[in-house]
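Listed next as C-alpha cells is one chain, alone, in the form predicted on its own.
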C-alpha cells in the first residue's frame, strides 16, 4: 500500500469532461477535509453551472455512438474496470478512509462491494432482452425492444463514495447510457479515482463525465431542467430527493431515488440472542451507523430487553474508536461537525425524555468528529430519534409486548427502506416480513445489501431499484413495434 501523501497526490483533482481532465471555470477549487483530524487533505475543482453544462453536452454528443457499442464491448469495459478496482483495492481503500473516515478494513470491503457492481452488470449487459408475440387477432406481430434511456445525471452521497458510484455507473454503462456524475463535496476523491479507472478500462470519451462542486443545487438544477438529460438517479436524503423530483417533473425525467431510512430492528422473544446481537452490530455499526440501511429503531421483546441490552452494550462499548488508518480501530469519525452535532443532540433529547445510557453517550475531547458507540434503553417513541435517521453509532432500544404492536410501531414512519426481524418462528417471520412496509427485509441477518439483489424502498424512501436483475431496467426504455402480417 502507498503512503497517505502519495495516495492523495496520485488522484486527479480536476473535472473529467469528454475524456479529458479540465480545470473548473476561473480555476475555482474547494477543500477536502480529513474528518478524523479536521485538516485539509487537498483541493479539488469546484465546478460552475457552465462546467456542468459542458459535461452534459459531452454526454449528449456521445450518446448515439455509445448506444451502438455492442453489449459484449460494454461488458468488457465493466470487467476491465472491475479488475482494476480489485488490483488497486489497498490504495483506493486508503484514499476512502482519508476523505470519509471509515476504518481501512471497512474501506477495503467497500472497494470489493463496489467492484462487484461492475462484474454483476457486465453480465446484465449481454442479457438485455425483449420479446416476440403474436397479436391476439393473429394479424400482426409484436416486437418488444429495450433501448438506452439516454444521457443520465447521477448524484451520489458521501457515506459510500465508491460503491454508490459503481451502483449507478454499472447499469448505465451496461445499458449504453452516457452520464454526468456528481459526487458529494465531502468525498470527491474516490469518484475522481474511479474516472481514471473507467478511462483506462476503455470507456470512450463523453460516455462518463464527472463534475465536483460545492454548490450541488446550483450546478445540477440547470442540468435537470435543461431537457438534455433523460434520467436522474439520486442517492441521498428524502428532503433533497423531494426537491429533485419536483425539478425532474418539468421535463418528465425518468427518476430513481434512493432516499432516507428509519429501519426497525425487531427481536422477538424466541430469537437466538447471540445471532440477534451479531445482527444488531452489523446493522447498526456498519460505516459508524452512517448508512440509510442502519438499524435506527431497535424494538426488543420486553422479556429479553435487559439481557439483549447488556450484551449489545458490552459489544459496542468494547469497539475501538479512532482514526481509520490505525490498527484495530473499528469505529472512525462521523463525516463532519454537523453530523456530530446531530447525533449529540438526538442522544440528549432521548435522555431528557427518560432513556437510560448503557454505554457511551459522551463526546470525548480532541480533534476529529468522533462519537462513541452508544446504547440507550427505554427510549420513548416520542423521542426525536424515533422519527429521524440517527446516522451515527447509537442504538436506541424500545420494549414491545406483542407482534401486532411492534408491526404497527415499525410501520409508523414515512420511510420504508429496510427492516430486520429476528425470530425462530417461520410462520411469524413470514407474517411480519409481509406486513412490514419496507422494500427489503433481513430475516435473522443484519446485512441486506448485495449487488445481485434489488435495492430500494417504499413510501418516502424512494423510487425504483438498484442492483439485481431489475437494476438495468431503470436505464432502459421499452419499445413496442407492431408488424402487420395480413
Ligand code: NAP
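Positions refer to the first chain, counted from 1. Keep in mind it's a predicted model, so treat the numbers as computed, not measured.
This protein has a second form, the form predicted together with the named molecule, left out of what is shown; the following refers to that one.
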Looking at 208-216, 123-131, 321-329, 70-78, which one sits within 4.5 Å of the named molecule in the predicted complex if you count heavy atoms only? 208-216
Is the gap between residue 184 and the named molecule in the predicted complex 4.5 Å or less for some heavy atom pair? yes
Using a 4.5 Å heavy atom cut-off, state whether residue 419 contacts the named molecule in the predicted complex. no
Just to confirm, residue 396 within 4.5 Å of the named molecule in the predicted complex by heavy atoms? no
Should residue 403 be classed as touching the named molecule in the predicted complex when contacts are defined as heavy atoms within 4.5 Å? no
Name the single residue among 413, 178, 235, 374 that comes within 4.5 Å of the named molecule in the predicted complex, judging by heavy atoms. 235
Please pick, from 189, 107, 292, 203, the one residue with any non-hydrogen atom lying within 4.5 angstroms of the named molecule in the predicted complex. 292
Counting heavy atoms only and using a 4.5 Å cut-off, do 159, 260 and 455 all touch the named molecule in the predicted complex? yes
If you apply a 4.5 angstroms heavy atom cut-off, which residues in 34-61 are near the named molecule in the predicted complex? none
